[in-house]
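Below sits a lone chain in structure tokens, taken as the form predicted on its own.
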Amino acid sequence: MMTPASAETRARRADLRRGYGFVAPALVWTAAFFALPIAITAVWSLFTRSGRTRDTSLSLANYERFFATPGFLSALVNSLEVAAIVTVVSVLLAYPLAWLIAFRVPARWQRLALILAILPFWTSYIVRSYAWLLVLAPNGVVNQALMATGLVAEPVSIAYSRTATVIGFVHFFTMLAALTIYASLVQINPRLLQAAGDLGASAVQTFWRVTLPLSASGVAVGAFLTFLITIGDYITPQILGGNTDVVLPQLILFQITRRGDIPFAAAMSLVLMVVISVVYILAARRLRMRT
């Protein structure tokens, strides 16, 4: 005769098996399309290329070469600087936009406002970059306007620079960050804001002590997504930045397409992935501390 304890144990085991059954497809997908490619990249990064041949003996030569070459380290620093600048500027521009949509736009018009905010996503990434190149070119709209108003006597060099790269990134990621911040702002209970006002807090105090802390998760998510996509992108820096302030993804592409040095490209990719992982860990820890 089955005792209550044994019946409970069997029920728990059955629940555990069902749980594994539900999770198994996600685990298989993650292993096949995330863990396995990273493992293959890691193995390839330990190979070396000599001339037209590939040496499959495992070594850390590619990593030693990367950290011993100032040009490669400079590209990594450029990537971090561009990603940091784009993240800060995008969040600073996105927060007021998200706040206006959440608290100043009537509820019936908020969907339309969000659709207008995500319109840049409907345009091809490459087309957007080339459009900005035309706008920032020496004979583009910006320079023509500056010269027409007499602010400058000759065209300003904006295209093919870090400034152009940052502008192109910010145009796209401001809207992305605004969506994540908006999602946090609309979840704030309006009574909390009213209570702060009833307790004598000014509008500025209410924002700093209530609104901003409660929306910090949306800011953190938007900032991390912006940093993550920016530091791994090579299209916008290649089109708008040219060969000035080369970022690491550009060098990775160069090693693959021009030199055919797949092992060294794999090593640089893993270095970039480690940097992103460190930023993620720091951001996640910071977010947990705030919550």
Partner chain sequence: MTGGKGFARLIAVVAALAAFYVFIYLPVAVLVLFSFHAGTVPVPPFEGPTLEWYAEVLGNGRVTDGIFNSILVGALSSLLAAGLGFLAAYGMARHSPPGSTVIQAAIMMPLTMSYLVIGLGLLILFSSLGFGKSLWLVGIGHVVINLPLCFAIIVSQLGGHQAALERAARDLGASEFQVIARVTVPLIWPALFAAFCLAFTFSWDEFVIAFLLTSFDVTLPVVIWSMLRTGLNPETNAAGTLVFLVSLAVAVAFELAISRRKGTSP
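Here the structure is a predicted model, which means the values were calculated and not measured. Numbering follows the first chain given and starts at 1. Definition used throughout: the rigid core is the maximal C-alpha set that superposes within 1.5 Å between two forms.
What follows is about the form predicted together with its partner chain, which we do not show.
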Completion exercise
With the partner omitted here, the residue among L76, V210, V170, V221 that in the predicted complex has a heavy atom within 4.5 Å of its partner chain is V170
Handout entry: Non-hydrogen atom contact I101 with its partner chain in the predicted complex at 4.5 angstroms
Key = yes
Problem - Contact flag, L119 vs its partner chain in the predicted complex, heavy atom cut 4.5 Å - result: yes
Practice task
Indicate whether its partner chain has at least one heavy atom within 4.5 Å of a heavy atom of L58 in the predicted complex.
Solution key: no
Problem - Partner contact for A68 in the predicted complex: its partner chain, 4.5 angstroms, heavy atom - result: no
Practice task
Using a 4.5 Å heavy atom cut-off, indicate which stretch of 106 to 114, 191 to 199, 77 to 85, 147 to 155 touches its partner chain in the predicted complex.
Solution key: 106 to 114
Fill in the blank from the handout: Within 16 to 33, the residues having any heavy atom within 4.5 Å of its partner chain in the predicted complex are L16, R18, G19, Y20, F22, V23, P25, A26, L27, W29, T30, A32, F33
Handout entry: Core-aligned C-alpha movement of A26 between this form and the one not shown reaching 2 Å
Key = yes
